[in-house]
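Taking the form predicted on its own, here's one chain by itself in structure tokens.
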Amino acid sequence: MAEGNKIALVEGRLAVPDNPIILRINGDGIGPEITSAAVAVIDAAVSMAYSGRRRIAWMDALAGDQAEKELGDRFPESTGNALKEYRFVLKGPLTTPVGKGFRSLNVRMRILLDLYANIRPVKYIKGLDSPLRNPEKIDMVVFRENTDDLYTGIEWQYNSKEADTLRKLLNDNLNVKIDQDAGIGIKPMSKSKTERIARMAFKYAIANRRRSVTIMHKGNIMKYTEGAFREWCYDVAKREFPGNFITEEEANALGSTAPQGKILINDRIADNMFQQIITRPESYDVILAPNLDGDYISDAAGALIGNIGVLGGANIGDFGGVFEAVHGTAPKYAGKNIANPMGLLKAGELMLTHIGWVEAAKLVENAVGVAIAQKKVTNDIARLAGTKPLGTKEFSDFLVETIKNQTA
């Protein structure tokens, strides 16, 4: 680890030194390869953007398979302590075994640092093989609530003592009958957590001059959770951002378009939202959703650009962030130098932007665009483009050279 200093929070704003300590979790499967590749590109971008005056002091932290192998714990106490102290992480993909009682490490990190917003930009990159006729219309940013909803993991196996106790409680006190062979999960959705994710999404829309914010929900069925999410979001817009937003009903009364300087705010039922982003992607800009809906819609939106593997995501709170690729560990490709690090690179781009190093982020973005345009890409894209693929490291090397040439 290079010597560095911690990022601080001063009067509600990030105070970022020229050598910030950022944790690096390599992840499982292809994680170590793509993390190494992404870090090389990010370091090159930072060095070139600031002529060597700034650098990231990476600190390795163990989680997942490597941590279990070396320390006997997939999420050791030392890693949890490091997260709480340094609070900013670039993370490769981690495995969560299905149906074996392991709580998602990703969820644990988000809750530990109270990273209540999952932010995923989905924008078409020219040269990708999209299933849509006009993929250039895709430019969305999904704000997904990250700490509430079913992802709190409050559930019990169908034949457990706890499930039986809860069935009896519901039946005896609320006249709610649940089948004896049913597992039970609880879906909490709180006003305070909804308000803070709405607040962040609205601030982003205003600061970045976005056209609209669409609240995604299933409030027609789940009236007191997702229906409440919808109402609370509207309330925040009206109460805290007066003059910035106009509802769909108000816009329709004026002729169906938002006046200049106003951001349209509307809402869509979750199932309708899926067909809407396929048939009318240009109508959706910022999407604000509860945890489960946001998980679904962000992957669906990602598929529309042709390759979800090129997307990055940011898990952000008031102080801290975990930045990650949105794909899985792909263990069958591990160690073969064929994995695409672009998703983690885009996560790194989000990280650089979040800490205010926008010049370096722009170098990463431009280099990726050049690589795709020149078909200097890894196998997942090359096989569809009919070109010879680069390996993971060779792709990283090409991006580094492109960054150097951009600033030459």
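Model, not experiment: these values are computed from the prediction. Numbers for residues come from their place in the sequence shown, where the first is 1.
Absent from the display: the form predicted together with a small molecule. The rest refers to it.
*Asks:* E145, D293, E324, E226: which sits within 4.5 Å of the small molecule in the predicted bound form by any heavy atom?
*Replies:* None of the others qualify; the residue that does is E324.
*Asks:* Consider the chain as shown here, without its partner, and state which of L113, L94, L90, I215 has a heavy atom within 4.5 Å of the small molecule in the predicted bound form.
*Replies:* If I apply the 4.5 Å criterion carefully, the residue I get is L94.
*Asks:* Among 339-347, 57-65, 354-362, 44-52, which stretch sits within 4.5 Å of the small molecule in the predicted bound form, heavy atoms only?
*Replies:* It is the stretch 339-347.
*Asks:* Check P331 for me: does it contact the small molecule in the predicted bound form (non-hydrogen atoms, 4.5 angstroms)?
*Replies:* Taking the distances in the predicted bound form, the answer for P331 is yes, it comes within 4.5 Å of the small molecule.
*Asks:* Should N106 be classed as touching the small molecule in the predicted bound form when contacts are defined as heavy atoms within 4.5 Å?
*Replies:* Yes, N106 is a contact residue.
*Asks:* Is I30 close enough to touch the small molecule in the predicted bound form, meaning at least one heavy atom pair within 4.5 Å?
*Replies:* Close contact exists here: in the predicted bound form, I30 approaches the small molecule to within 4.5 Å, heavy atoms only.
*Asks:* Since only the chain is shown here, I'm wondering whether K375 would be in contact with the small molecule in the predicted bound form (any heavy atom pair within 4.5 Å).
*Replies:* Output for K375 is no: heavy atoms all beyond 4.5 Å of the small molecule.
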